[in-house]
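One chain follows as structure tokens, the form predicted on its own.
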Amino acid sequence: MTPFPRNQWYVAAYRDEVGDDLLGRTVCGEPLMLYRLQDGSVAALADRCVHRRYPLSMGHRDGDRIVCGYHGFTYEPSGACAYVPAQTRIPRTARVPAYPVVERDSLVWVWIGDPQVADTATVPRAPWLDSPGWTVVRGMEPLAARYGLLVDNLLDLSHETYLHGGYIGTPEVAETPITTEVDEDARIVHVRRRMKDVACPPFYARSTGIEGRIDRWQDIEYHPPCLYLLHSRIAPTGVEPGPDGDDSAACHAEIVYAITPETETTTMDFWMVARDFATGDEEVSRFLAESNRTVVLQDVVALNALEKVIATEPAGYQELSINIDTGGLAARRLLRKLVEQ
């Protein structure tokens, strides 16, 4: 099974998913309950009453307190128990874990591990998701497969040619070599694919309005364990950034995935597409949302099938890796180091 790096930030929800209602989510095998306090901040508690383990997300609120729906145990946002039925003395152990939470770039991040070492400065950023000049479509699909399979999938985009033909894939994606770099200090994997004079896939042809062949860049940043960024540049063939760095003649899409393990064999696949073109066009937004969800669901079907295959493999089975796998192999190595730490 795939182990989890524990002392790390993981995306548990989109910002607009967390409100007055109680939201149950599982992250790294930990059942969580999230809700928004009256001051606008977010609290995350273990979703299990200390008394008889009833899910707190099935209870109700009393102001900022949470009342268990089974026997009425009542909890502060800190996790401390404030009321026990039929007695005035509250047992010393009557509390549930509270998890550090931070909101960044429209995402709700939860620290899974030792709360004493949680550092909000280490939350990776995706500023396009919450910045003027960008329009975002998003969704989340459950994956019945371990999170490492999704990491492999996203670090090797050559599969677009075969799995996502007719949407985002063209023959050139699989045919173009990649360059891979690893920033060991920052713990970031970079994978770049630059394609010149290639076919424009329907995903971009219909959304950008660019006709004919294009120059297409795919620059990946993977921040283990959770955040994946794909900086995608689309421009008519021959249109290059200016000497001063101005690239306003091109279209840019920031494809963001939050890869959040639920359990050893299930994953929350948060996906987002931010764009700096046709920002006010609702039809483009609908097209990109529908098309990207179709692409994500194609991955879901493939990875769910792969999880079933892996479950039946004999011990010691060896897979084959080639040049296109250098990014995924680097990501696996960094994830192992995080687990060991």
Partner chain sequence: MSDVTARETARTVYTIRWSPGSDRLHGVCHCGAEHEAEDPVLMWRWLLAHPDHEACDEASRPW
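Positions refer to the first chain, counted from 1. The structure displayed is predicted, hence computed values, not measured ones.
Not on display, but discussed next: the form predicted together with its partner chain.
Taking the partner from elsewhere, no residue among 157, 298 and 306 has a non-hydrogen atom within 4.5 angstroms of its partner chain in the predicted complex. Residue-level contacts in the predicted complex: of 87, 179, 93, 120, one residue has a heavy atom within 4.5 Å of its partner chain, and it is 179. For its partner chain in the predicted complex, the listed stretch (203-211, 181-189, 137-145, 228-236) containing residues with heavy atoms inside 4.5 Å is 181-189.
Heavy atoms of residue 333 reach within 4.5 Å of its partner chain in the predicted complex, making it an interface residue.
Taking the partner from elsewhere, residue 22 is found to have every heavy atom lying beyond 4.5 Å of its partner chain in the predicted complex. In the predicted complex, its partner chain stays beyond 4.5 Å of every heavy atom belonging to residue 18.
Taking non-hydrogen atoms only, residue 240 never approaches its partner chain to within 4.5 angstroms in the predicted complex. Contacts between stretch 307-338 and its partner chain, counted in the predicted complex as any heavy atom lying within 4.5 Å, involve 321, 322, 323, 324, 326, 329, 330, 333, listed in sequence order.
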